[in-house]
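As a starting point, one isolated chain is supplied in structure tokens, in the form predicted on its own.
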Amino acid sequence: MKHDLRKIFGSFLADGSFLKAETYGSGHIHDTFRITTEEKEKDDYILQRLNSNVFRRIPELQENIERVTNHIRSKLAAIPGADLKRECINMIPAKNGKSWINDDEGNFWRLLVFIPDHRSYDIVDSREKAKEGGRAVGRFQAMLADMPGPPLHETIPDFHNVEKRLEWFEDSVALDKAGRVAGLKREIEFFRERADKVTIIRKLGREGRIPVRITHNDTKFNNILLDENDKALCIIDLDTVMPGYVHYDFGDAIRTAANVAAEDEKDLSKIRMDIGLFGAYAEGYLSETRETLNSTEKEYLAFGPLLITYEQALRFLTDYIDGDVYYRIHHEHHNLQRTRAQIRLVESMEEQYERMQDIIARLA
């Protein structure tokens, strides 16, 4: 369906005149367009049609983003030299008084200020970039540590609840919808052997030893923007910002930033976690959160990457067993290939776990 992007853009209180629109980015969830304005001195914008199949409570999602970005901007405003248009997401209000509109077909749309002169990376090729990525995520969490008001809404319930993920996995194994379980003995055993161990973060939370905080929950490295000098700028894609544990954000960033191979690498011998990139990211992260985190959060920080990589592998295999209903695949066994790659990455982390703990202890 072709959307009237000029008309939709005109529904927002943007400062500038619509010149052209073009598809933008490589995201798989929303339809994203870059709007170029006629006036050179005015901002350009990002216009998004939000996916209400993945995110079923968009008004609540938008409320989360409004609260988080308003709080971050208030913090930045007190920092001399801070650039409020580049160091934080800025949503443009709609003429209806909300932060989104519905078009004639009921689609949800929002408008964001385009952040100029930024860089993002799928592969982290230097310790300097890893450190700056850690700083960006750490600063995001630290700035939100004192945000007042009620808890944020859960935009995707149980998103990082590994106990629920394990239940759903076992249900899928039992149902065996696609008839694939018979060939997965090794993979299924891998998850079952570690099932008790991976619940430790949630157990610590229930015991009150680590607090529920505001977390991003999708800190893959290409959601971190660096500036033209590869210095930390901000984090984008705030749809999954909600209550969580800091280990989720630290873990997912390491899963993507410190893996020297692709997420779905077929040659398992190429997959390993680079301990140097891990250390650099941890250094940047703790430079911003050292005073915010409690001692138990720091003690278990190194476990975050194992947990989230295990969880991601579990999600890939669950989808494979279910017949590939969630993740977009490029060939019949793509989810199994992804599973095996992530399992190998967990094993690489396990092999280096004592070094990971030592690095955190030294930096914390």
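Between two forms, the rigid core is defined as the largest C-alpha subset superposing within 1.5 Å. None of these values were measured; they are calculated from a predicted model. When you see a residue number, it is the position in the sequence shown, counting from 1.
Not pictured, yet referred to below: the form predicted in complex with a small molecule.
- Residue contact with the small molecule in the predicted complex: D249 places no heavy atom within 4.5 Å of it.
- For the chain shown alone, R255 is a contact residue for the small molecule in the predicted complex, at least one non-hydrogen atom being within 4.5 angstroms.
- For W168, no non-hydrogen atom is located within 4.5 Å of the small molecule in the predicted complex, even though that partner is not displayed.
- Within 4.5 Å of some heavy atom of the small molecule in the predicted complex lies at least one heavy atom of R315.
- The listed set E283, D237, E187, E132 contains one residue whose heavy atoms approach the small molecule in the predicted complex to within 4.5 Å, identified as D237.
- This chain lacks the partner; the member of T292, S172, N107, N223 within 4.5 angstroms of the small molecule in the predicted complex by a non-hydrogen atom is N223.
- Listed stretches are 320 to 328, 293 to 301, 35 to 43, 66 to 74; the contact stretch with the small molecule in the predicted complex is 320 to 328, by a heavy atom cutoff of 4.5 Å.
- Highlighted residues I29, F55 and F159: every one comes within 4.5 Å of the small molecule in the predicted complex, counting any heavy atom.
- Shown in the overlay between the shown form and the other one, fitted on the rigid core, is a CA shift at K298 smaller than 2 Å.
- In this overlay on the rigid core, N335 has a C-alpha that sits 2 Å or more away from its partner position between the shown form and the other one.
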